[in-house]
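Below you will find one chain, with nothing else, as structure tokens; this is the form predicted on its own, and questions on how it binds or moves follow later.
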Amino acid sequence: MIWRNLKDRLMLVIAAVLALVLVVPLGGMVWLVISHALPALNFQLFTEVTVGTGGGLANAIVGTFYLVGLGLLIAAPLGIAAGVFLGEIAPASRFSAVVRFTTDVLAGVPSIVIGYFGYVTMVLGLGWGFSTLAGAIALALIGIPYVVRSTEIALSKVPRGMREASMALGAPMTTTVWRVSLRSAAPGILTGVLLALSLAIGETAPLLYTAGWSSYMPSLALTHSPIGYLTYAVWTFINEPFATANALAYAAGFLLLLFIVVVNIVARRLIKRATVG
């Protein structure tokens, strides 16, 4: 009994130390970004576009929402549909095995390779030029594998008895999938969509090849229209020999961190509400 208590306390101490190892660097990174971003956090940051290495980040903020939102609109339906096919329709078919293998390979492809693929196929091949649609599709290709796998895993955890009960009551396959399986798996699916969203927010390399950069506010044109985004400001302005440019880079990093925190908080509440309901 004494030995068991000692082991429990030892594991508790080890867990606390490992948690500190994670929390301390994260806290230091957040403090570094916030402290350097403070000089640029003003009303001008949100109302003015970028001018050279100064000005504001209104164009990059709106552009980030455009790119990530459109990319998610592409990735979420396709990923969920593929996950439903793998988890509900034909989980053991040969085609499903091919889809799983392709999904795993796509998840491991470096983002810069996806960006170069987008550059060759969409920017040059289709003649779209640097554009919102090309950038959004590149982000969607990065996020789709995570939505697919999370959907399949979430569906696999739905009790088989729930499906059988639904079909025993006369519900067709589509109704069972929509009202029973997907509703029960919603928290896990939402987690995958959240992961895809977080990855899309932080990507730079694929957008350099597909979205380009623009200091103007984004237009509604999907092609032949470069667009600004926050990660470009971080990647570019941090290397400039000007204090104002460096402050803008840190401000962009702070906004990205804030966006991810807000998305996580909202998603957790939605997951908790779905689980309780």
Partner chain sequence: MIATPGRDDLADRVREGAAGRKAGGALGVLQGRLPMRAGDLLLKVVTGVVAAGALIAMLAILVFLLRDSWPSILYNGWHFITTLTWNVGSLYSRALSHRNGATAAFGAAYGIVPFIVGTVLSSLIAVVLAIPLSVALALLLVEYLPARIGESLSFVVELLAGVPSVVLGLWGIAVLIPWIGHDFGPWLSHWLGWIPFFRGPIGSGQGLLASGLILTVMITPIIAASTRDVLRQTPRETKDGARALGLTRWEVIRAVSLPWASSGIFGAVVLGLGRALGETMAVLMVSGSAANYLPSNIYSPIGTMAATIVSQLDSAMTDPTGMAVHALAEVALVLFLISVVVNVPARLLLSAAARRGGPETQ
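Computed from a predicted structure; not experimentally measured. Rigid core here is just the name for the largest C-alpha set that superposes within 1.5 Å across the two forms. Residue numbers count along the first chain shown, from 1.
Beyond the structure shown, there is the form predicted together with its partner chain, which is absent from this document and is the topic of what follows.
Undergrad: Considering its partner chain in the predicted bound form, which of Ala243, Leu32, Val51, Met217 comes within 4.5 Å of it through any heavy atom?
TA: It is Leu32.
Undergrad: Looking at Ile189, Leu133, Leu141, Leu197, which has any heavy atom no more than 4.5 Å from its partner chain in the predicted bound form?
TA: In short, Leu141.
Undergrad: Should Leu208 be counted as a contact of its partner chain in the predicted bound form, where contact means heavy atoms within 4.5 Å?
TA: The answer is yes: Leu208 has a heavy atom within 4.5 Å of its partner chain.
Undergrad: Spell out, yes or no, whether the shortest heavy atom distance between Trp128 and its partner chain in the predicted bound form is within 4.5 Å.
TA: Close contact is absent here: in the predicted bound form, Trp128 is far from its partner chain, nothing within 4.5 Å, heavy atoms only.
Undergrad: Even though the partner isn't displayed, in the predicted bound form is Tyr250 close enough to its partner chain, meaning a heavy atom within 4.5 Å?
TA: Although its partner chain is absent here, Tyr250 would touch it in the predicted bound form, with heavy atoms inside 4.5 Å.
Undergrad: Answer with yes or no whether Val62 is in contact with its partner chain in the predicted bound form, where contact means some heavy atom within 4.5 Å.
TA: It does not: once its partner chain is placed as it appears in the predicted bound form, Val62 has no heavy atom within 4.5 Å of it.
Undergrad: Counting only non-hydrogen atoms, choose the one of 65-73, 51-59, 231-239, 218-226 that falls within 4.5 Å of its partner chain in the predicted bound form.
TA: Within 4.5 Å of the partner lies stretch 231-239.
Undergrad: Using a 4.5 Å heavy atom cutoff, which residues in 60-81 contact its partner chain in the predicted bound form? It's fine if the answer is none.
TA: The stretch 60-81, when checked against its partner chain in the predicted bound form, contributes Leu78, Ala81 at the 4.5 Å heavy-atom cut-off.
Undergrad: Would you say whether Val51 is displaced between the shown form and the other one, judging by a C-alpha shift of 2 Å or more on the superposed rigid core?
TA: False for Val51: its C-alpha shift is below 2 Å.
Undergrad: Relative to the superposed rigid core, does Met29 relocate between the shown form and the other one - that is, does its Cα move 2 Å or more?
TA: Shift at Met29: 2 Å or more after core fit.
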